[in-house]
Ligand SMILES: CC(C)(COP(=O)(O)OP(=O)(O)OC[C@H]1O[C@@H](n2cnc3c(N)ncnc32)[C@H](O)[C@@H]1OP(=O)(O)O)[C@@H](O)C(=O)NCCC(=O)NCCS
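First, one chain by itself in structure tokens, the form predicted alone.
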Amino acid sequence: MEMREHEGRIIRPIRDEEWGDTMALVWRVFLRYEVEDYSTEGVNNFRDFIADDTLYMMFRQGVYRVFGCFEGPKICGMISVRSGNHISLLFVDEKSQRQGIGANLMRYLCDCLVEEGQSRVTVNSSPYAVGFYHRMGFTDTDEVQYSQGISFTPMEFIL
């Protein structure tokens, strides 16, 4: 799926030159809303993950897919998927939250996955995002987990 327009915003795969702005958005939103749920180790691991050159190379090779929601030239939200059907990151800029951007990014990704023959999508939700994923129809597949300073709830959505 190439591009989708919704209420003046466009959702599409991000381009190579948009990687830096996309990860900067992720880091800003993480620091604003999620950092308090993480230990110092978890914050460092998250920062290292989004700044990792290997992740960027996987993106350039098409193995790690990232989609953005744009208002004009500015990215206001993003979603990424790895391992075929696992949501890795979903972040919406603070000024754009509660406007349906996260839900539209999720629908866009799910449509892509259905086209590819996937039957479900998974996520390890941060504590901050559990309510959002439940509203989107995700169900918990296990209890809250803790790994490398990061707390998360494994979830899935049947497509």
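All values derive from a computational prediction rather than experimental measurement. Each residue number is its position in the shown sequence, starting from 1.
One more form of this protein should be noted, the form predicted in complex with this ligand, which is absent from this view; the next part is about it.
Here the marked residues 67, 111 and 137 all miss this ligand in the model of the complex; none has a heavy atom within 4.5 angstroms. At a distance threshold of 4.5 angstroms between non-hydrogen atoms, residue 58 is out of contact with this ligand in the model of the complex.
Mapping the unseen interface onto this chain, residue 42 falls outside it, with no heavy atom inside 4.5 Å of this ligand in the model of the complex. In the model of the complex, this ligand sits within 4.5 Å of a heavy atom belonging to residue 124.
Not displayed here, this ligand is approached by residue 103 to within 4.5 Å at the level of heavy atoms in the model of the complex. Taking this ligand as it sits in the model of the complex, the stretch 75-95 comes within 4.5 angstroms of it through a non-hydrogen atom at 90, 91, 92.
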